[in-house]
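Only one chain is included here, represented as structure tokens and corresponding to the form predicted alone.
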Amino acid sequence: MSTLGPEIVDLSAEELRERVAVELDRTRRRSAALTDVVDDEELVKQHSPLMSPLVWDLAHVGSQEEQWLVRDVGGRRALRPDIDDLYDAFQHARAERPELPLLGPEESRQYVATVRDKVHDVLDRVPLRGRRLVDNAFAFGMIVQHEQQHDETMLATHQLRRGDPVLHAPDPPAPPEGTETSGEVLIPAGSFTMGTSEEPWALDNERPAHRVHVDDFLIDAHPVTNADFFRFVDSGGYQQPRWWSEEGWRYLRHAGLEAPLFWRRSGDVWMRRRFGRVEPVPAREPVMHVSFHEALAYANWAGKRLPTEAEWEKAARFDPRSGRSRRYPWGDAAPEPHHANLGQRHLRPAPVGSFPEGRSPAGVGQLIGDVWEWTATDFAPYPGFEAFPYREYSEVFFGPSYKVLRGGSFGTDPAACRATFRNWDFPVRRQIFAGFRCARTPSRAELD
């Protein structure tokens, strides 16, 4: 795996250019793999009103790259100003995009290739110091992360498409024999540094670093599994309003929810559809494709709650031995395959207990990768937040309409995943690769 962190501030200009070029090319290979694997009819088709046609995502990443790197950073002439509005995500809802006069598959490929040629020329020539947008190649890192985020979105679109499997990957590793996969971890009360002011490619909503006090709490050592969720479903959890918030119960009745998305019962067995394959739901994997409302209902049923965003980040980052916050649960080093299930190396979450080398100092496992984890927290700015380089990345989404998710999924690239990274979505969303873990406030007896 490859990702860039604080060490890039010490690179020479030429070393930084080389590293950025590697990230750009690595990211584009993933985009190509997700779009080349289906025919043109599948590319232009809308597989769900929740998602754009794949061809829209492909040209959109090119349009953003052109606007930020070719025009703004490079000061070059606009290549296709006529399509700016077509690929502006704020002007056209996803359900409307198939009706737009979009670029066709081959024209989209040619467009993004032309843009990328211009970007490499800009990268070779532009100073990477002296202007906030280009310091430490920030704008290039922003574009890498933007494209990787759309790659994960396209992966979710692949999950929604019907038809034979077209994506293939080996299964994730099994946990070491005898690994304990249940239980809770106590995180003692105290303050810690949340967010970052040092990560060169951190996005605006991760900034600035600030001190936060968190009371004592217990958090699940691993995400809630499918086996755990079976018990909730089989106990009538979807039929009992006492476990659900008022908003969640209204959503359940409106949507007719009975189980996580893509689950179907076949006799006594729960089956799921996964990238064109139908298979029994694996008991030991983290539950996935559940909304915030389903996660909260399960937590209520289990006598627990969802962790706050600050609790999640403290469990993931705080090292009580040094008193500092790490970049990742395992330390400051970039993710490697033995740390976490990231980067679409596998097309499913790993069983709980996998990646013991990726645990936090407190012993909490699989906080990074596998499934995004819902938190109880509304998406809001940190104290001292400053929108940069544009309001539409974060600021326009702040408020109670969106809940924060943390940690990334098996489909999240390391470039767009770190222990400070914040994702957000509507609490009804289920097509994303989201699960959760529970937390609770300990009793006095448990602290004595």
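Start at 1 with the first residue shown and count on from there. Just so it is clear, the structure is predicted and the values come from calculations on it, not from any experiment.
Keep in mind that the form predicted together with a small molecule is not shown, yet the notes after this line are about it.
Residues within 4.5 angstroms of the small molecule in the predicted complex, judged by any non-hydrogen atom, belong to 142-150 and to none of the other stretches in 142-150, 128-136, 207-215, 71-79. In summary, among the residues N423, S63, T27, T420, the only one with a non-hydrogen atom within 4.5 Å of the small molecule in the predicted complex is N423. Although the partner is absent here, F398 is not a contact residue: none of its heavy atoms lies within 4.5 angstroms of the small molecule in the predicted complex. Under a 4.5 angstroms non-hydrogen atom cutoff, the small molecule in the predicted complex lacks F385 among its neighbouring residues.
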